[in-house]
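Read the single chain below, which is given as structure tokens and is the form predicted alone.
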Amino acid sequence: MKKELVETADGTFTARSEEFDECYHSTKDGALTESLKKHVEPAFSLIDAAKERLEILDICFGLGYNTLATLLYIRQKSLPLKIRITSPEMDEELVRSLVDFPYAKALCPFKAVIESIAKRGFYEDEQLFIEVKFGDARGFLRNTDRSFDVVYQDAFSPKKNPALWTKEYFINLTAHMQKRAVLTTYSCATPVRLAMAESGLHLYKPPQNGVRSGTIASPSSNLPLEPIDMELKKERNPSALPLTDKVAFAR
């Protein structure tokens, strides 16, 4: 693969994007650890146990860690769920190259999944359907009528890729979330949290699990987590504003 490989704290590899001048994962938390602890485990701890099918939106596919960590989790827990994962991704060349990426040994059982996605853009078996939608995530949201139970909000940072962190983006995203859907993200930036709150999402502090904190969000106001009071934060900091398209596209 052409991108620069970077070893992370848990011994797994990520890569650096030249376009965004950022790594795809936290090098301090570790690539696989971040996917499991910031996205997969928090999300699955909050979904309705009675669900038989789960619709997951993975923004963006990148190196595929969030999707593969999901498969690892359901394998370890022997979950009988039918899973459909949809993942917008701009960098088709990256996805096509993932057959050669040095994934951790724990992800080796999913080699056939990566090979299929790299070659055909999707993978399907009796339990899983995974599809990468090559193109812009905002365009995907504008043109789909799908509704999701889980959203992994894992785009490059608001400073580098603000278009996927604005109030307008989250308004569109929220319209595609089930009533008790769960959104996970590594970001805890106030402009991002305000953008999510003003889109109709309720914000919560993630469970403490050994990685740097992020944010959990949901259309539901009664998740079993400590809520984040953004009105109080605005009172304490009246100059704080949500990230908007006007600001993002003026950069």
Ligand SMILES: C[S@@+](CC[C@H](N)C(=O)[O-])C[C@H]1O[C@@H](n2cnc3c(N)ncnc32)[C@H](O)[C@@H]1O
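So that there is no doubt, residue numbering starts at 1 and follows the sequence shown. Please read these numbers as outputs of a predicted model, since none were measured by experiment.
Here the subject shifts to the form predicted together with this ligand, a form of this protein not shown in this document.
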item: Contact assignment for this ligand in the predicted bound form, among 151, 173, 114, 155, heavy atom within 4.5 Å; value: 155
item: This ligand contact in the predicted bound form: residue 86, any heavy atom under 4.5 Å; value: no
item: Contact of residue 135 with this ligand in the predicted bound form (heavy atom, 4.5 Å); value: yes
item: This ligand contact at residue 63 in the predicted bound form, heavy atom, 4.5 Å; value: yes
item: Residue 178 within 4.5 Å of this ligand in the predicted bound form, heavy atoms; value: no
item: Option from 194-202, 220-228, 45-53, 63-71 whose residues, in the predicted bound form, bring a heavy atom within 4.5 Å of this ligand; value: 63-71
item: Within 4.5 Å of this ligand in the predicted bound form, all of 20, 58 and 94 (non-hydrogen atom); value: yes
item: Within 4.5 Å of this ligand in the predicted bound form: residues from 19-43 (heavy atom criterion); value: 20, 24, 25, 35
